[in-house]
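For reference, the chain that follows is the form predicted on its own, supplied as structure tokens.
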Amino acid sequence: MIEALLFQGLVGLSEAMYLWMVAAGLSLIFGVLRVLNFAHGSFYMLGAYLTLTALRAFGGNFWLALAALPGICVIAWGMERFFLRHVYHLEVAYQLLLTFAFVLIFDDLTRLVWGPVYQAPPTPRGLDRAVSVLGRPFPLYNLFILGVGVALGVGLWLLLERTRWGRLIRAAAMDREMASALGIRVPRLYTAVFVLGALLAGLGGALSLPIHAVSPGMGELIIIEAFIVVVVGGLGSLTGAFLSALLIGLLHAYGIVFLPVFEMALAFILMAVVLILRPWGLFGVREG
């Protein structure tokens, strides 16, 4: 019984890594730019579709297909440079309206270019087998995703805490006017952070190809849970986003076993409890 529970928990943790990749970008963008980007899930969807297109072009080589991800950077750069930059000083409602408009645009463009049919590519060669974990076969690709998620968390921590660029990001996040007065090119920094956040979401979409079916609208499904992760963990906290993603992944994994009727509601219940007891999130900073 204990082994079965541990195995189910491992399944939940591997699934949580996709959520973590999207939530990391969302949290990073909000923490620095103070923008709630509702279209962030669209980058997850576009990352999946661009990689799928490259996968076919490269004869099924999944690793070469990941070279399509810089396309996400170009799209994110254009969105931030020509649209979002002009609403930073406006109320959050205007930002949400603008980014929601991009959700509709990206969804329709996806249907126009790739069609409305669900698609599911095969698992990459070399990772398309299972290994024995706790006496049960466990997909090797899921273990790979677990490793990628942890490596991504360590990499982001090193980037923000141990590099000059990370110090500039933290300075701009704390006081934009002071950072600008000290010579930091804040608009360029904001663009770079937005592109990095979008790339993280695109990476999550690309790596989800062998596990989740690709379809228009898949971005809306992931962004809802990503928002829950960010709210529970604390807006702008990457540590909170990581631990919250793990928590919600485990809730889903064990909810399917013990509370299948309420499994979909567990994450929302958790968010409601956190908002009542600690509105700024588990690892967020109370303002005011």
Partner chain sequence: MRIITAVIGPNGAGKTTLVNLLTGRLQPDAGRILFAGEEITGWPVPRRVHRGIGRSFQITNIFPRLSVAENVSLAVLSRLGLGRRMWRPFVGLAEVRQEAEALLREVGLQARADAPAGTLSHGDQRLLEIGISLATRPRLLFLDEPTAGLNPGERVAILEKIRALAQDQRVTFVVVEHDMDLVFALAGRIVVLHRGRVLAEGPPGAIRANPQVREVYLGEGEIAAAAAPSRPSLPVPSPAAPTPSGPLAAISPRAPAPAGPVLELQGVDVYYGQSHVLHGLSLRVARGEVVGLLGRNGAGKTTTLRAVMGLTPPRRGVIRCRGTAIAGWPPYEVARLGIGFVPDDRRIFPHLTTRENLELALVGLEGRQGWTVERVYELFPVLRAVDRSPGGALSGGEQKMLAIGRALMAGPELLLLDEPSEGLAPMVIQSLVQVLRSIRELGVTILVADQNAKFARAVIDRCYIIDRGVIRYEGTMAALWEDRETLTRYLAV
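None of the values given here were measured: they were computed from a predicted structure. Positions refer to the first chain, counted from 1.
Absent from the display: the form predicted in complex with the partner chain. The rest refers to it.
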Of these, 105, 131, 74, 174, which has a heavy atom no more than 4.5 Å from the partner chain in the predicted bound form?
-> 174
Contact residue in the predicted bound form, chosen from 127, 96, 199, 179 - any heavy atom within 4.5 Å of the partner chain | 179
In the predicted bound form, segment of 106-114, 142-150, 183-191, 209-217 with a heavy atom within 4.5 Å of the partner chain = 183-191
So in the predicted bound form, does any heavy atom of residue 170 sit within 4.5 Å of the partner chain?
-> yes
Hey, in the predicted bound form, is residue 164 touching the partner chain, heavy atoms inside 4.5 Å?
-> yes
